[in-house]
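As a starting point, one isolated chain is supplied in structure tokens, in the form predicted alone.
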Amino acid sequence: MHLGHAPYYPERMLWDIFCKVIDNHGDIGVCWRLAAELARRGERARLWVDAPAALAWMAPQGQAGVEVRAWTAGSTAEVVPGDVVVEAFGCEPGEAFAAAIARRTRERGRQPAWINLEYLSAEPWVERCHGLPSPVMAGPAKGLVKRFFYPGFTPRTGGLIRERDFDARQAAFDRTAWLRARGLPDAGERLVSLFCYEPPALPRLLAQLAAGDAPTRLLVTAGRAQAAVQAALADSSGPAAGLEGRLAISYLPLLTQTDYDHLLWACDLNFVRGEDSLVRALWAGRPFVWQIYPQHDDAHHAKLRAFLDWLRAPASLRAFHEGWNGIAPGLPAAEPATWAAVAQDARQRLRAQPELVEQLGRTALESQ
């Protein structure tokens, strides 16, 4: 179902958004962005999450209109569902809440919008599946209908989350002041951010940056990226052993979502992972390299290639992604100057399409 470009008018609906934290911080990161942006547009949101601890550093400021609730066994008992229920990434709210949805449907004579917010993919089937109904075949909500909502990169998908104040925030960003506030030098070095899992080519990247023509400072995010870099440097038999040359490394503390945007805007090349940081790198409009979440059956290979097709990636960027993601051996030289135009073109194409929150709002109105 293509939802077109009709304007969406918020109706101060109450949204119940369910989130299970599986892949580190990506799931909760996406759900928080969605809940917060809905609230900034006049809606109300209850964010049900089974592991909310990361929000303490990811979004310490909170957001008026968003209520975070711990999602535990029995926590949804006696809760009256809102106007919209969102199952993020296939997590179901449980039988008790499904029964409550059915009960409210009988009382109102129409069911709340019930949306299955899916994972991000550029594969062609996403356009075919976006907006399709999904009848509930069993359980207390049998006979009700959910609707698939697929984020994506084309006008026939659900788009990507983009805050209404994004342009103004980016235009006001002061790179020098931001670096200084975090104790980072601004000495004209090339800045590269690193947010990754454990890419096998990481030692080769470190060696490549150290041997480069220009001085580079690598800004390493906290958690798995930091551990991976330190392991590569400690491996006495690896390419990064005894690293010398033109590479300096700074380890960053945990960053809020706002500050992660600032990091992407400040750097000349960004390494990102998963879904949420990929979307932020696209909006940043800076050259980037994506480490896709690896799947045991290698299904991520096709997903990565579909994205590179959409990106119109040149051969050098394709080859680098294959090396970085362990699909091909070795790691070609990074060419951020060549890749800058690709990033700009991608952002321009995405800006010409409706973004996710607007489309999700219209889907909710049309599904009740």
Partner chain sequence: MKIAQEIRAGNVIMNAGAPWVVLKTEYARGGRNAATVRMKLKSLLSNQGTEIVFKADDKMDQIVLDKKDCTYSYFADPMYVWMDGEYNQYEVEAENMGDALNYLEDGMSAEVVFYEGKAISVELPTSVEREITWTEPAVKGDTSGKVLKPAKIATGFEIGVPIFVAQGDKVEIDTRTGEYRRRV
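A quick note: this is a predicted structure, and the numbers were derived from the prediction, not measured. Residue numbers count along the first chain shown, from 1.
The same protein also exists as the form predicted together with its partner chain; that form is not shown, yet it is the one meant from here on.
To verify the annotation, which of these, A77, A227, A181, L132, has a non-hydrogen atom within 4.5 Å of its partner chain in the model of the complex?
The option sitting close enough to the partner is L132.
Taking 4.5 Å between heavy atoms as the contact cutoff, choose which of R175, R128, R164, R106 touches its partner chain in the model of the complex.
Exactly one listed residue reaches within 4.5 Å, namely R128.
Given a 4.5 Å cut-off on heavy atoms, tell me which of 181-189, 136-144, 211-219, 262-270 is the interface stretch with its partner chain in the model of the complex.
Of the options given, it is 136-144.
Taking heavy atoms and a 4.5 Å cut-off, does A299 contact its partner chain in the model of the complex?
A299: contacts its partner chain in the model of the complex.
Given that its partner chain is not shown alongside this chain, does D235 nevertheless sit within 4.5 Å of it in the model of the complex, heavy atom to heavy atom?
No, D235 is distant from the partner.
Examine D27 and determine whether its closest non-hydrogen atom to its partner chain in the model of the complex is within 4.5 angstroms.
So D27 counts as contacting its partner chain.
Please determine whether Q295 contacts its partner chain in the model of the complex, using a 4.5 Å cut-off between heavy atoms.
Contact check for Q295: yes, within 4.5 Å of its partner chain in the model of the complex.
Need the contact residues for 82-104: heavy atom within 4.5 Å of its partner chain in the model of the complex, sequence order, or none if there are none.
Heavy-atom contacts to its partner chain in the model of the complex: E87, G90, E92.
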